[in-house]
Ligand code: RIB
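Next comes just one chain, in structure tokens: the form predicted on its own.
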């Protein structure tokens, strides 16, 4: 099996951190070409710092990390410190990174990388707002046909929204960017709240992370200990949903997930429903399918994979 070449576009975020760790722990299936950072869960100065902290935690200081868009394309930045804490990685105490940020802008890195590799061999894995990806498509439209696939965390349908009644955070932060991406005609796999809310870190699952007994295992357990306080209070659930690791788990074990190939449109006009992902789950419109919208996962299989791979770091 040839490892999938990917670019992770991210705004860490505890769950982003776990998604990055899972990717870096799985070199047989995933080759991380680089990590591009965007403002989202916390401002850009923290997301690019957090990405480097996570790479060093994984023992992978050679990963290329780039800084990207510090605000949405046409809107004021909305952040989520109320969920992730003031640093974005609240929970564990982790040292500041020694590894350097790469020169150049994330958008240019995305463009240059897609042009450098054979067409159809690089997958984009956005874990945050889609600003960097959309800006790259707008700046260099030729790269769209070179993308193998986009696998992203964002949106929701049956679960509604988690930042407004109708919108999931990543899409809400930059709906115009999301609209560009969903209209790109690139194959897209969507991990919406409908599936990520089934990836719950229960006490026994978090105990399994802690029992790994490594710095990575302890850090992940402490991240989810912090992260879960918000979601348990909000949803009354047993634990916090690990949204973003669904993206990297799908790359490794797609058979853990089930979904439908449907049409997904992004609301960009109404302030009431701004950023809503209008998913034609029941195929009642005549709009052509443009995304594989995931709706279910094998949660036990997902956490078994996650625990096994994190133990490798």
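All values derive from a computational prediction rather than experimental measurement. Positions refer to the first chain, counted from 1.
The same protein also has a form predicted together with the ligand, omitted here; what follows describes it.
- Contact check at 4.5 Å (heavy atoms) against the ligand in the predicted complex: all three of 11, 41 and 193 pass.
- Remark: residue 127 counts among the residues lining the ligand in the predicted complex, judged by a heavy atom distance of 4.5 Å or less.
- The closest non-hydrogen atom of residue 243 lies within 4.5 Å of the ligand in the predicted complex.
- In the predicted complex, the ligand sits within 4.5 Å of a heavy atom belonging to residue 169.
- Proximity of residue 177 to the ligand in the predicted complex: non-hydrogen atoms within 4.5 Å are absent; the residue sits far from the partner.
- Interface residue among 89, 220, 153, 133 relative to the ligand in the predicted complex, by the heavy atom within 4.5 Å criterion: 153.
- Across the options 133-141, 161-169, 203-211, 91-99, residues that bring heavy atoms within 4.5 Å of the ligand in the predicted complex belong to 161-169.
- Taking the ligand as it sits in the predicted complex, the stretch 1-40 comes within 4.5 angstroms of it through a non-hydrogen atom at 11, 15, 16.
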